[in-house]
Structures are given as structure tokens and as C-alpha cells.
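Next up: just one chain, as C-alpha cells, the form predicted alone.
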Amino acid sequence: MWVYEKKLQYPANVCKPDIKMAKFLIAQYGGPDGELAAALRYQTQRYTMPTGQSKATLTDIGTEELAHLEIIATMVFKLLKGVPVEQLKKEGLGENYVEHDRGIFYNDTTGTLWTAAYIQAKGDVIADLHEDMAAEEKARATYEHLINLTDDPCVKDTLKFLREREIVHFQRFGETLGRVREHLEGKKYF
């Protein structure tokens, strides 16, 4: 079903270590509007989609969200690489260090663990596609906030790429919503 290429979808470059930015980026890893929630939401909803095109769209975008999850994890790892434990503790990542060293885990910026309650899958294709469009807008807004929080041009570059992909996903879901409506409202002849 998938072919895994051992390279990131987009380079996750970091110009310098930045503990605070790493902590902020975790929002897109295990937060309610993050990449994990998006990937699992779309992969779950795909089964109730009525057409091959709509199933394919959700599968493709859900898979791409997993690639974005990989980019976020790589950026966090690079932002924390070589940072002394005392600095981690000072910046509020002492608890994370105790549980995961400098690794990353599925929680948000406040330490709240990721939960399946973040995934919406109503089983009504129209409601689900509207939910997906809203999810993409929330992710875009989060990336905007993250871009505003850093002065690192390398981090900004990657975040801008991810923000643009959320806009493209929003457009693809909008197109899919139109096609699904046509399919559902079309006359059936037997």
C-alpha cells in the first residue's frame, strides 16, 4: 500500500539549538490539531467515503500527514541536540527529560498526552469532510503561530512548507466535498 523512502518529504533544517522552539513544535506532534491527529482522522474516515476518488484523497493526505509528523520529530530532535540537562530543566522540559531524554512523545506543549478523542469520525461523509477542512485550517493557523515564534530562518523555511501543504489539503478536501455532494445528489438509474 505504501512505499517508504528513507528521506524526509522536505528538509528539516535547524540553524541552532532552541529549547523553547522545540517545546512549541511539540504542539504539531501530539496536540489536538497536530499531524498525528490529522493522519489518524483521515485514515479512519476513508472507509466511509462513497467514491474511489474520496477514499484516495483521504488516504493520500493521511499518509502525507505521517510524513509531516516525521519532519516535526526531526526538527524537535535537532533543536534539542546537545542541550545540557540543566537548560532543559530551566526551560520546562525537565519532566520530558525524565520520561524520554531528548526524545519526543505524543503530548502537546503543556504536557497533556495525545488522546483518540482528538479524532473526529462521524460516519457522515459531508460532516467528516467539513471537519477535515476545519482541521486543515486549524493546522495552518498553528503553523502561522509557530512561524511567528521563531527567528531561525531554517526553522521558518520548513514551517512555511508545512503551512503551505495544509492550504493545499484544505483545497483538496473542498474539491472532494463538491464531488461527493454531486455523487450523493445524482440520480441513480438501474
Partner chain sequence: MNEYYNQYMQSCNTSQKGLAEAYVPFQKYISAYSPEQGLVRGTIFPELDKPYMEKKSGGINYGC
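Every value quoted in this text rests on a predicted model; they were computed, and no experiment measured them. Residue numbers count along the first chain shown, from 1.
The same protein also has a form predicted together with its partner chain, omitted here; what follows describes it.
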Given that the partner is absent here, does L66 sit within 4.5 Å of its partner chain in the model of the complex, heavy atoms only? no
Considering only heavy atoms, tell me if K16 and its partner chain come within 4.5 Å of each other in the model of the complex. no
Given that its partner chain is not shown alongside this chain, does F24 nevertheless sit within 4.5 Å of it in the model of the complex, heavy atom to heavy atom? no
Hey, in the model of the complex, does R179 get a heavy atom within 4.5 angstroms of its partner chain? yes
Triplet K90, Y106 and T112 all within 4.5 Å of its partner chain in the model of the complex via a heavy atom: no
Looking at 117 to 125, 26 to 34, 41 to 49, 141 to 149, which one sits within 4.5 Å of its partner chain in the model of the complex if you count heavy atoms only? 141 to 149
Which of the residues spanning 138 to 169 lie within 4.5 Å of its partner chain in the model of the complex, based on heavy atoms? E144, I147, N148, K156, K160, F161, R163, E164, R165, I167, V168
